[in-house]
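First, one chain by itself in structure tokens, the form predicted on its own.
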């Protein structure tokens, strides 16, 4: 991801693409100094558009650490829905074991 000045601010991508089921795992990472500027929200919106319009996928999914409230907001702003929880699934230094929250977005929900 780059900002309008061409500065690298983070990374994002689609992986684990399942062509037959037409779904993919979406992820993003943003440098801390670039948080709260809308970059992650915009990058996710662009990935959703590309996945649904160009790749003809029908679903995107991801997992976010429960303490990561900013990332949860990014997902929900883009229409992703909470569909499950992996209890104490990840270890994060300073937080201990935390839940992983499963989010999904269907193409028909995105089009609304």
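Residue numbers count along the first chain shown, from 1. Please read these numbers as outputs of a predicted model, since none were measured by experiment.
Absent from the display: the form predicted in complex with a small molecule. The rest refers to it.
Interface residue among 85, 49, 69, 81 relative to the small molecule in the model of the complex, by the heavy atom within 4.5 Å criterion: 69. Only one of 55, 45, 58, 30 lies close to the small molecule in the model of the complex, with a heavy atom inside 4.5 Å, and it is 30. Contact annotation for residue 76: none of its heavy atoms lies within 4.5 Å of the small molecule in the model of the complex.
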